[in-house]
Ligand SMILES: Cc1ncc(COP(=O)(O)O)c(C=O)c1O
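Form predicted on its own, single chain, as structure tokens, below.
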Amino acid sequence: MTHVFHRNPRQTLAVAVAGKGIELIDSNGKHYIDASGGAAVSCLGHGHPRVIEAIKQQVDSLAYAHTSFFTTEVSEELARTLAQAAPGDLNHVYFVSGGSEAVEAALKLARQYFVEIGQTERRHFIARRQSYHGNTLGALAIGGNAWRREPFLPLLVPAHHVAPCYAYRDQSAGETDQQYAQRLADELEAKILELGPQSVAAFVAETVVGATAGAVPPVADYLKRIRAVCDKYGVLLILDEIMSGMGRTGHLFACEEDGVVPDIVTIAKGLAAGYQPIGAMISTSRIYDAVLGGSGFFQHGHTYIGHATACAAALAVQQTIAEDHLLENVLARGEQLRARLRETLGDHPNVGDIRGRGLFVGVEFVADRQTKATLDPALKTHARLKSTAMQNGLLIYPMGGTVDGVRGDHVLFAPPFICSAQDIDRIVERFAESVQAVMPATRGALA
């Protein structure tokens, strides 16, 4: 009997006892390639000596000091490092303990900003269907992950949703990327006008969609067109880079590739690579100065914000990524991963789409490649792929409900930035074996 309240109490979990490089090891001595970094977290793999040493040194000097009394040298240095790296004038960093907290902080800051400048009627948040922004109530409310939201709907504040930028499913035949991007921007503008421009606070979107739909990147200049709509009506743009940020796409901030600067960006996961729990919200000077020159107090906070040990781990991770030029490897290995997946599985009758940026890659499965019909949800193909891959010594991050919260299956890859070309080949080989075991090409959707 376990006394840990696991998320899935009926599931018997293997016991992880060690990690080294891109592998995790269980209590039976079995090795697993961590091809998903947990949930796109372990970007430096496991057991990195530099990060471990930084944590030890920080604990030896100061593990924790509450931010109502003190700041710390390490939190100031980490904030300075992130502000210097962030695009535009995203230069004020608010540390939290994880991604959901970062989104909660962003929502509250957006609301408080408008209170500070006297636009108190701005209260509506618009996000996208098939998105995910966290499991706390505010983050869950704006998220578009239907099955996560459903049990808690009576507790959620109202939010509004528009279509995601999901070209594989939603782009019309003959519609160019630019036309598709404009159609989505027009939908956002129509929603703002429907609610009343003076009442909308912010639009929230994942720069590259993560777990809910499987590494779906924006097309063309979609984010620039969204930015323009937000600017037209004085609406803040909040980009969620909890999964896609901190180098995962080959850019430290994923929005750099799109040439867009949000008003607020949220980060976590790869910030400290799982060595400590930490996330952050980064805002522009305009928002920070409104608080500073108004009430002078951000009406928000948690016990462990700015935790010194967590900041030390994150600083060591970010220094390692920069000094070891790992973003170059992310781009090269990501291109290799997508190419090898297409070479190996591109003709499989149940593989509909292979997509992503950098080492953030999704594979979507279908019953029919021509019609893009989904597999029967009752088959739980995503869960079977996870189980089979794990038997084959491979950890992947699958999800069901890809299309609408009920239908659709995909697998997400987010391997460590330290992967070699040989590692990528091993990942694809084991994954292909797992796909063939669950969905033999000769049997297709009847597997």
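Keep in mind the model is a prediction, meaning the values are calculated, not measured. Numbering starts at 1 and follows the sequence shown.
From this point on, the text means the form predicted together with the named molecule, which you will not see here.
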Between Leu359, Val317, Ala254, Ile242, only one gets a heavy atom within 4.5 angstroms of the named molecule in the predicted bound form; which residue is that?
Ile242
State the residue from Arg333, Arg227, Lys269, Arg128 whose non-hydrogen atoms include one within 4.5 Å of the named molecule in the predicted bound form.
Lys269
One stretch from 172-180, 254-262, 371-379, 130-138 that, in the predicted bound form, holds residues within 4.5 Å of the named molecule by heavy atom:
130-138
Any chance Pro87 has a heavy atom within 4.5 Å of the named molecule in the predicted bound form?
no
Non-hydrogen atom contact Gly99 with the named molecule in the predicted bound form at 4.5 angstroms:
yes
Listed by sequence position, which residues of 191-214 have a non-hydrogen atom within 4.5 angstroms of the named molecule in the predicted bound form?
Glu206
